[in-house]
Structure formats: structure tokens, C-alpha cells
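The chain that follows stands alone, in the form predicted on its own, written as C-alpha cells.
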């Protein structure tokens, strides 16, 4: 595992060299293929070296991190073209990848906490440094304070565990059972904020709307999965107390997921709609983990991976539309099939995955989660049915609104402006021949156009 860490560290100097933008991206792709060829053992930890290790959960999430970081660089080509501090952007992405890699691969609970929190810093820099609107400062503060609010109890809990058990190795914690309510709340709250759970989700739509495309992709693809990964790890030694209190989190998640699904129909901003849909999907993941059966764990893991791929792709497509039209409004982005027919295929594929249509990995995850939650309580079937229905509803709503219908007339504004400029030049040339004063007036108009 250390070999990949050193590979990423030695990629940092490349970020500050000339014409290395695409080389860094190709190196990340190359590293992903190297990582895929590791000897994978499903039953136990493998590739252990010093404080790092890998198991099936870590393997999938590290692979997802490398893949999305390479796609982030590809989607942010405009920074390279405009020469907009792209060297620092590359450094930020590599540093973020190192933090995520270490978060998913360390064996020590305190180191896990350190890297879990450190991954927040580059994300914050991405939002504040490369965001679009002045409100990005407020969005950054929301992200910071919501996350840090849940983090201090987690640190206190980890220190208590070390004082009580004299170990912080994640593997050894499975031999202990800690039946303490306060420790349980302090250990899981930070992860529930990160997921995010309904009631502590307000930072996510704000951060997504204000973030650049790279920030949105990493937030949707990996940052939300840190919470799920943390819950999967700490549930091992909090089993007994979780079986007493799990109904609270499951009810909040499922009812909240239903409310958020309905709220998606009220959105007029593409990014905001996709961000709220992420909250609805993560609510099912929380339910699957809290039920604590095999179906739930497997389903939540699969849905985390599939949602990371699908949601980051949708944010990338929303950014492609934004770069062309300079607006994320559904009203202005309507009728896109007339202008970008091939793009509508990508929207269709990703939105059909988002609503868990059959060929997608989301379907497998959602079926497993539905199975686990219904085995826990039959009544949850009603909420799950409505969440699945509304999930299909807002996906179709987004697709039909963006791709079909009448296109926005202002799309032709560039051509109108260009033609008017040509006419003014012609009038100026004619006027110079017959009336000198009018010629100078038209010439003044041309200068103002520039």
C-alpha cells in the first residue's frame, strides 16, 4: 500500500512544472490500473504494510477515489485553457487524493480521524478558490462548521476507547463490545453529518451549488462515502447499543429521504436538484447500515460505489451545460436535445442509473437495501416504495425538462449580437461616404460594443 502513497507524493512536483496538466491526469489513470491489479482477498485484510492495509471495502472506495480525481482534472480543462491557477488546482487534487487514500487505508482509529478531517481542507479550498459566486464563502463556512460540529465528540470517543481498551487498531476492536449510549452517539454523529442524514444535510446543497465542477464531483463521489465507511467500521464494536437505538436513525433517514425526494420537484437549479437526490440516496444507505444485517451492509456498500460514479457524472454534465449557457436554471437549459443531441444520451444513461433502472449497479444496491429494511420492519415498505417512486419521478422530471420542450430563445443572442455588429459596421462605412457625423456616431457605437 505504501508504494501507491509514494507514487502520489512524487506526483506533487509534476503539478508545478510546465505543460504537465494532462500528464498528471494520465498518471492517475495509470495508477488506477495498477491498483486494480492488486491481489484481492474478499475474506480478510491484504497488502498490509506499516499502518496501512486494504480489505474489500477499502479497495472499492480507494479505486473510486482515484477514478474520480482523474475525472475531476479532465472536467476542469477550462482552468488549464484560461490559465486560472491550474498548478495549485492540481496540487489541491493530489493532496486531496492522498488524504482520501490514507483515510480508507489506515489501520489506526486516531489516524483515521486525522485524515478524515484533513480531507476537508482541500475541499474547502476548491470551493472558496475556484467557486463561481460570492456566496461560496458562506457555503464554505456551512461545510466547515457542520462537519467540525460533529467531529469533536468523535475525537473524545476515540481517546476514551484508547484509555479503556489500550488499542486503537480497527481490526482488534471487533473483539470488544462497548455498550455505552454516550460513546455511541459521539462515535456515529460525525459520520451521520458527513453522509448527510436528514436534519444535518443543509450544508450539502449549498456546498454543491457554489462549488466548481471538481468540488461537486469529489463531494458527491467520495466525501459522502467517508461517512458510510466510518459507520461500517465503528458498528463492529457498537453492535449491542445500536440494536437498541437503530430505529431512531432509520425512521429519521427514511422519512427525511421521502421529504427530500419531494423537495427535488421544487428545484429550479440543476446542481441543487442533483445534490438533494444525493441526500435521498444516502438516507437509504444509512438505513441499510443501521439495520445491521448482511444484506444491508452489502447493499449500502454497492449503493455507495454506484452513487459515487453516477452522481459525479451528472455534476459533470451539469457543468458542461453551464459552460455553454452560463446558467444552471432548468428554464434556460430546456430543449437541449435540439442543440446537443449526443449529450442527451449521456443524460439519459446517468439519470436512468440514478433512478435504479435495470442495467445499473444502483439497482443491485437498492434491491439489497429494500430486502434488508423490509426484513427489519414490514412498515418500512411503504416509505421505501414512495422513495423509489419519487426517485424515478424527479429523474424523469429533470431529464424531460432539460432535454425536451421549447428551447430558450436567448440561445441565439450571440448570433443576434454578432449580426447587429456587422450591420453597424456596414452603416458606418456607408455614412462615412455620405455623412461624416453619422459615420463617427456609428464608429463610437462599435467601440462601445467592444
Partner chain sequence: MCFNSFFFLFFFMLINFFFFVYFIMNGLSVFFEWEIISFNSMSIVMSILLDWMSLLFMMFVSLISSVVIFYSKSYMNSELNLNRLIILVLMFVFSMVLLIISPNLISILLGWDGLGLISYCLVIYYQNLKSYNAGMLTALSNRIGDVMILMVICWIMNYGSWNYIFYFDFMKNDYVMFIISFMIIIAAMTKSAQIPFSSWLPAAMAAPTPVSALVHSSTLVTAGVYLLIRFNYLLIDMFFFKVLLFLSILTMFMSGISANYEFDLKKIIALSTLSQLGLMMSILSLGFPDIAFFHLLTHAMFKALLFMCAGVIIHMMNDIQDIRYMGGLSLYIPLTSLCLNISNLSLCGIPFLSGFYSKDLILEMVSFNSFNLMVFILFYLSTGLTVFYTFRLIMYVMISDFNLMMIYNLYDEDYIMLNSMFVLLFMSLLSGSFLSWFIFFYPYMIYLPFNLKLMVIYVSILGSILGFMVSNMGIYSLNKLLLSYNLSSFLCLMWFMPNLSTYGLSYIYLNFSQILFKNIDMGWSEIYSGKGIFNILKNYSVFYNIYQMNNFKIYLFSFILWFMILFIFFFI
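As the structure is a prediction and not an experimental result, all values here were calculated from the model. Positions refer to the first chain, counted from 1.
Omitted here: the form predicted together with its partner chain. The next part is about that form.
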Worksheet item: Of 128, 298, 330, 250, which residue is found within 4.5 angstroms of its partner chain in the predicted complex when only non-hydrogen atoms are counted?
Response: 298
Worksheet item: With its partner chain left out of view, which of 201, 233, 136, 271 would have a heavy atom within 4.5 Å of it in the predicted complex?
Response: 201
Item to complete: May I ask whether 259, 262 and 355 all come within 4.5 angstroms of its partner chain in the predicted complex, judged by heavy atoms?
Response: yes
Practice prompt. Sort through 394-402, 30-38, 66-74, 51-59 and report the only stretch with a non-hydrogen atom within 4.5 Å of its partner chain in the predicted complex.
Written response: 394-402
Worksheet item: According to a 4.5 angstroms non-hydrogen atom cut-off, is residue 348 in contact with its partner chain in the predicted complex?
Response: yes
Practice prompt. Report whether the minimum heavy atom distance between residue 385 and its partner chain in the predicted complex is within 4.5 Å.
Written response: yes
Practice prompt. Classify residue 83 as contacting or not contacting its partner chain in the predicted complex by the rule of any non-hydrogen atom within 4.5 angstroms, answering yes or no.
Written response: no
Worksheet item: Might residue 163 be said to contact its partner chain in the predicted complex, defining contact as any heavy atom within 4.5 Å?
Response: no
Worksheet item: So which bits of 264-286 sit within 4.5 Å of its partner chain in the predicted complex, heavy atoms only?
Response: 265, 266, 267, 276
